[in-house]
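Below sits a lone chain in structure tokens, taken as the form predicted alone.
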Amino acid sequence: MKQEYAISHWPDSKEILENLRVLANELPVYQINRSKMNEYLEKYESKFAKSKQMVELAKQRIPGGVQHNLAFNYPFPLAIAKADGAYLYDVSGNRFIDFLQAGGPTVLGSNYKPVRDKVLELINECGPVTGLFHEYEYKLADLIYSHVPSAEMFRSLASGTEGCMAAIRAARCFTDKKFVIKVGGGYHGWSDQFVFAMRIPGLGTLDSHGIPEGCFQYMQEFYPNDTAALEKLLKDNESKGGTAAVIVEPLGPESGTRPVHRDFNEKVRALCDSYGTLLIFDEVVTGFRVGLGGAQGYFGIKPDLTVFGKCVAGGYPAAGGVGGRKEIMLTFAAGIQGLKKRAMVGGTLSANPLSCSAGYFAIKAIEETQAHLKAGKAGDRLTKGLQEIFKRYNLPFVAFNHGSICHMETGAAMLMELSNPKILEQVEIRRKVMEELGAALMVEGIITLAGSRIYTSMADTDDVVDDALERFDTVFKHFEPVQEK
């Protein structure tokens, strides 16, 4: 059966990147005018007072009051009580259009009932975890292979972070090579080796607090789309232990925040083949969201290893794993191996019946409903609407999407260049703009990821998207340039 993908057209990455460069480095910062922003903050305090009370109490036992990075909203986090389709509801009953979608895993919409019912049946029968084999481990692995042929074998883990850790361990074990090269600005979880060159290309270890420098001895980065720089690293490494793997997010670093050119992945694949290096696709966000065949199916590229997360458990816990070529994946073989060479992985809750069944039924539901295509159409409609709003109010902001993965850049804090002489004074201003936009949108009934990224789902009908665009319009009409002091 021919696969269809949620990306209806490939956006002009060169034009987008140039617009983002100008926005982040050459234009004045725009923000919501102060009187309106003060009004939003007053409404935030009163409308979400119950959330504030709960978070203040939580701060006694939880650092910052919340456990998840996505929940650190300004001026304080919301406490959510209910999720249903396109909407979230807080503890006070306020309803929000949910463009966070838990950070991306819920292509079907939140708390999708047909999947929930199947998972509840399994819990009633088996419980969430046994520590022994369950049939849905095989069913999920086989279903993934049916859609992603490069995943000849699949090892379930507890998160995308663990999947990335395991993938580079297997690559080093299989190749007997040392170096791992990533795209600067990319996010591959928070393990020691991958808290390196995060968010902003060229950052290296500047944001790697609490991690000894030695952890990064064999980690390298190259700038997005600069395949000449990648080839130089690969060549230089040949005399220093070789390159075990190149790992990329196939849409671009930070889920395509800096989009790659259409032929980027093809060029990286060719370079990896030339230097005997494994290619790892981090499809934690793109897997089953771009399409059932993942971004690799869309591009027609076959990676050696693929990291899965988020959608692989359909929004349920312990969403992670690695799939790939059989001979590489066998380095993960379970059991007591004696002195046999292996890449050690584990996890008490990895491959539990709840997660594997949830993933199986969620992927089957995406297949049956074509949820990825419906979510992609919603992303197209929303992005077009945002572009029209920016034009209407003469704002230099940039909106683009890859199907249901949408970007809305206003403050563009992560897009500043390290060579910008104003980076130290402006990065905090730009971050504040994004925080304030997020707060204003929540008052208007919209939740996004950090005021800059949006995930759409099958639940986002035309009516939902059009309602959201009216709310966005209400906020963006109040933006104006920051006055230089």
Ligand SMILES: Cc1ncc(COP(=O)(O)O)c(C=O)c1O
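Given the structure is predicted, the values throughout are model-derived calculations rather than measurements. The first residue of the sequence shown is number 1, and the count goes up from there.
What comes next is about the form predicted together with the named molecule, which does not appear here.
S.K.: Among 284-292, 86-94, 113-121, 225-233, which stretch sits within 4.5 Å of the named molecule in the predicted bound form, heavy atoms only?
M.R.: One stretch meets the cut-off, namely 284-292.
S.K.: Name the single residue among R269, K310, K374, H407 that comes within 4.5 Å of the named molecule in the predicted bound form, judging by heavy atoms.
M.R.: Contact with the named molecule in the predicted bound form is made by K310 alone.
S.K.: Among the candidate residues C164, V180, A358, L305, which is the single one with a non-hydrogen atom no more than 4.5 Å from the named molecule in the predicted bound form?
M.R.: The residue in contact is C164.
S.K.: Can you tell me whether L78 touches the named molecule? I mean in the predicted bound form, with a 4.5 angstroms heavy atom cut-off.
M.R.: No.
S.K.: My question is simply whether N265 lines the interface with the named molecule in the predicted bound form - judged by any non-hydrogen atom within 4.5 Å.
M.R.: No, N265 sits far enough from the named molecule in the predicted bound form that none of its heavy atoms falls within 4.5 Å.
S.K.: Is there a heavy atom of Y316 no more than 4.5 Å from a heavy atom of the named molecule in the predicted bound form?
M.R.: Heavy-atom contact with the named molecule at 4.5 Å: absent for Y316.
S.K.: Would G160 show up as a contact with the named molecule in the predicted bound form if we use heavy atoms at 4.5 Å?
M.R.: Yes, G160 is a contact residue.
S.K.: Scan 166-193 and note down the residues that get a heavy atom within 4.5 Å of the named molecule in the predicted bound form; none is a fine answer too.
M.R.: Heavy-atom contacts within 4.5 Å come from Y187, H188, G189.
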